[in-house]
Structures are given as structure tokens and as C-alpha cells.
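The chain that follows stands alone, in the form predicted on its own, written as C-alpha cells.
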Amino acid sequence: MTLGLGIESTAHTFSASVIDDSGKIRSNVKSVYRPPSGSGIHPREASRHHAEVAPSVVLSALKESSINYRELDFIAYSAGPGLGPCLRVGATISRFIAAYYDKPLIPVHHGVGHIELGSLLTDANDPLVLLLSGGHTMVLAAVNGRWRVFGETLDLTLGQLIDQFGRTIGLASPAGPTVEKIAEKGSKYVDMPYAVKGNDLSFSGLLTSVKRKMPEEIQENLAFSLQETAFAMLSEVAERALALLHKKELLVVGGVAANARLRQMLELVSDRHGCKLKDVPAEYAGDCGAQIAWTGWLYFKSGYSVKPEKAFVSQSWRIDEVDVPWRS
């Protein structure tokens, strides 16, 4: 049996997970950096948090799996995209473990991790993918060994839109779950700009509009309107991509995938196209070590790894630049 350790540290979450070659997640331990209310993620402070919790998180993941370092077959880590100081914490720890115990080291693209763990957990085979998080808003499909982009944000990601709205009403990032609860109490739709350009999206005007309307509208109605507009835009580009590619599976991954209203709207889109909506369990929708561990195993099976001295991080690493040989 093959066992791998995955370490995630791209932004607010430091997580470690052990997974085996059957896809069983043996552990998935995480610790989340929480900035002050009304603030976003400060890279230096988040990286300091990661460095402080890393030893206990990794040891807890191994303990829950009832294994030790020597029983691991590979070490995988999130190499990007993400916040540089945070990425370096995970890369440094992974490189040390790999070098000390002479294990293969596997750098993983964070977005590919979301997709491949989502595929594992939902049994998706050849899906159209909506990758929705603080770092990504993309419509993707696998073509010739890479995830190809069929639509994306031109400015803010969906996660950034929600988090920045949250900060303006005094919440700390990540604010998605709290904004969702606030939106559920809204009853009036406030007119918002709707910006779909071809199959790409623009959310910056939507955020500006919400901020301008704050003095005259209550938070619940603004949160409701923000979600309804942004999710309708996303549903439109997803529907257009389904019509083009004729996919029979729609996989939604990333932290925003946990939003119940978004899933409801995408369910309607899927039904119109005879497509099955595949949504990831909320526990694994956000950043976690399991996404890195499982994708690391896919690379390990394909024969890819790097020497510890060749470990790297990339703050800006596009997903369509990454080879995924198992998708050929």
C-alpha cells in the first residue's frame, strides 16, 4: 500500500493529511489563521501562524493515521499559487521531511488539488469544473493532459468579492459562511451591475456598487443581492460552457462551493442540460491537506517527483500551465 503526506499552506489554512492509494483519507488536520475583525489575510502574520502550528498539525495527521514518517512513500506540498510567505512555510517543512527521510517530494498546484480531490470524492470522471475560491474563479475542462480554461474572472475572484464585502461590514476573512447566513435573511433585491463578457466575468463593479449602496440599504438585502447577482453570472457562463462541451458532469470545487444557494442555482443549470451536479462535501470544499495528498499520489503514480533541493513555490501559477498526465 502507498501512503502519502500532503501539506497545504497557500493562504489562511495550514493543513496536513495522510491518504492511501485507494483514496482513503486517513487524516485531515488543519489550523486556520484568523485575522482581526474587518481585516483580510496579512501574509506575514498568516505565515507566522503556519510556522507555529506546523509541527503539531503534521504530527497529529500522522498520529491519527497510526503511521510514522518512515512509512510514508512520498511528501506532497502546495507549491502555488498563493501568498509567498505562507507557501514557503509549507515548502520548507516538506523539503526537510523529504530530505531527512529520503522520500520523493511532489509540488502540487493548489487548484489542481481542489479538482482532483473533488473528482475522487464525487466519482466525477470527465466533468466541466467550476473552481471557486479566494484565489480562483474559473470554468475548466480537461483537454490533452491539462486543465483548459473556458471562462474566468477578469478582476476579483468570487471568494475575494465575498470576503471584501464581508470586511466592509466588519467581518474577518474568510467571510463566506457568515455572509451566506446574512444573505439568507435578505428579502429585497437591490439592483446590481451584471458583467459577463463573452464567457468571462467581472466582479469589481459589483463590489463598488454594493459599497456605494451601504448607507441606504440594510446588510441582509445587500448580501442577498450580491450573491444572487454573482451566482447568476456564474450560472450563465457555466451553462454556456456546458452547451459548448456537452459534459454530463458539473463539478464545483473550492471554498465557495460550500454555499447552498450557489448549489441550488447550479442544480437548475445542470437539470436543463441533462447534467449531474457534483458538489464536494463541505468538509473538503475549502483548503485542506487532503487535496494535496491525493494529487500528490496521482503524480507519484505517474512517476513525477523532484529532489528536495529543487523544491519551489510560485505565487502566480496558472492552472493551464500545469501538466496532469492522468487526464490525457
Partner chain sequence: MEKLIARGAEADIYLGRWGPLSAIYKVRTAKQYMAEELDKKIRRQRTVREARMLRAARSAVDTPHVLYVSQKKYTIVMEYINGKRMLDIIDKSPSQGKVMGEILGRLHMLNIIHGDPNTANFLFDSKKNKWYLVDFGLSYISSRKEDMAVDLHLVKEVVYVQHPTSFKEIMSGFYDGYMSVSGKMAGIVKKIDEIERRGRYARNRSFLF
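Positions refer to the first chain, counted from 1. Worth saying up front: this structure is predicted, and the values here are computed from it rather than measured.
There is also a form predicted in complex with the partner chain; it is not shown, and the following applies to it.
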| query | Which one of these stretches, 90-98, 168-176, 250-258, 119-127, sits within 4.5 Å of the partner chain in the predicted complex when only heavy atoms are counted? | reply | 90-98
| query | Would you say all of L3, Y33 and K301 touch the partner chain in the predicted complex, counting a heavy atom within 4.5 Å as a touch? | reply | no
| Non-hydrogen atom contact K278 with the partner chain in the predicted complex at 4.5 angstroms | no
| query | Does any heavy atom of I25 come within 4.5 Å of a heavy atom of the partner chain in the predicted complex? | reply | no
| said: Is it the case that G198, even though its partner is missing from this view, gets within 4.5 Å of the partner chain in the predicted complex, heavy atoms only? | reply: yes
| Is K103 close enough to touch the partner chain in the predicted complex, meaning at least one heavy atom pair within 4.5 Å? | no
| task | Quick one: from E71, E236, E217, E184, grab the residue that has a heavy atom within 4.5 Å of the partner chain in the predicted complex. | result | E236
| query | Even though the chain is shown alone, can you say which residues of 311-328 have a heavy atom within 4.5 Å of the partner chain in the predicted complex? | reply | A311, F312, V313, S314, Q315, S316, W317, R318, D320, E321
